[in-house]
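Only one chain comes next, encoded as structure tokens, the form predicted on its own.
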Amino acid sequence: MAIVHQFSYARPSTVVEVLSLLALHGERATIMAGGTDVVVHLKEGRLVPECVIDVKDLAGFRRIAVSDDRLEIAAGVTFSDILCSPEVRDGFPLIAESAATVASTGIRNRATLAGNLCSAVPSLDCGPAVLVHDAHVHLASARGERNVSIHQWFTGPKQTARRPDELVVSVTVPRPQRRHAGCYVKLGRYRGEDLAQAGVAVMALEDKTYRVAFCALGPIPARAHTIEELLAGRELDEETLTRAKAAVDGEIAPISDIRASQAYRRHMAALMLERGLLEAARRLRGEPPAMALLGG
């Protein structure tokens, strides 16, 4: 399918140039990093910009930095970059695990974490992982810089807190201060390039608290705070798991679509939560995985 809409194309080499273009074009500009979504939307006519700003050449935009307290992922870092980083795999394995479930190798070679967050689709695979890590999105514009908590980032399906004149510069992922382990469970129709029918990230911490986030089960990826409160300080015994699974219905709002029915998503979300909790707890204890996770 050809792109028939006329637009100007810019490939700046500095952030200052990008911000000037965004200040000039505003909502009529489209930023392109990996292009895995943008090019498709241009071909389908869902995007009709005045200017496409290609940011792949920006200096420092492929940088991954790990410190004692956080991981910083620059906006041009691809999912393959994340998977190839031993610092991410060792220090932030949940981020790497969710990155491995994104589409196919070819897509992961192009698609960026920042771009994925900007797409804000409900089935966003990286969404639950950054949510349980309490990540922040860092933006810049000609007016200055600001940071947005990932908990305020998603404002609706395919909508974010990013303003038209802003550029996402990086995403920071805090390192939990307590010993922890996590896992991401994805349900898909087949192995390979498929969007999630449902997804859940679980982080288990040594003080018997848990962080839980879902995707593809509501209009935006979101934390499950009621379930987290229910689990806090408890052993994952049969009674606790039963109560947690019963609470799933109140935390999600799935739809029926071509990939799955609402009823199926609700049923599987409870099962996936249980499996994710038990797997995260096993990893926290240093035990080997007990099963292949759904969709893995």
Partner chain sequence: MTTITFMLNGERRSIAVEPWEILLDVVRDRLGIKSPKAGCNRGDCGTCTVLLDGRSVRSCLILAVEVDGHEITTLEGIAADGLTALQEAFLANDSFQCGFCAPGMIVTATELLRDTPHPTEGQIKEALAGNLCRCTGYRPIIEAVQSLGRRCHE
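Only a predicted model underlies this, so the values are computations on that prediction, with no experimental measurement involved. Positions refer to the first chain, counted from 1.
There is another form of this protein, the form predicted together with its partner chain, and it is not shown here; the text below is about that form.
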**Fill in**
Heavy atom within 4.5 Å of its partner chain in the predicted bound form, from candidates Ala246, Ala232, Ile255, Val40, belongs to Val40
**Request:** With heavy atoms only and a cut-off of 4.5 Å, decide whether Arg285 touches its partner chain in the predicted bound form.
**Result:** no
**Message:** So in the predicted bound form, is its partner chain close enough to Glu228 to count as touching (4.5 Å, heavy atoms)?
**Reply:** no
**Asked** Does at least one non-hydrogen atom of Ala33 fall within 4.5 angstroms of its partner chain in the predicted bound form?
**Response** yes
**Message:** Considering non-hydrogen atoms and a 4.5 Å limit, does its partner chain approach Ala100 in the predicted bound form?
**Reply:** yes
**Options 43-51, 23-31, 63-71, 234-242; stretch whose heavy atom lies within 4.5 Å of its partner chain in the predicted bound form** = 43-51
**Message:** Contact check in the predicted bound form: Phe7, Ser104 and Asn109 versus its partner chain, with a cutoff of 4.5 Å between any heavy atoms. Do all three pass?
**Reply:** yes
**Asked** in the predicted bound form, which residues of 79-95 put a heavy atom within 4.5 Å of its partner chain?
**Response** Ser80, Cys84
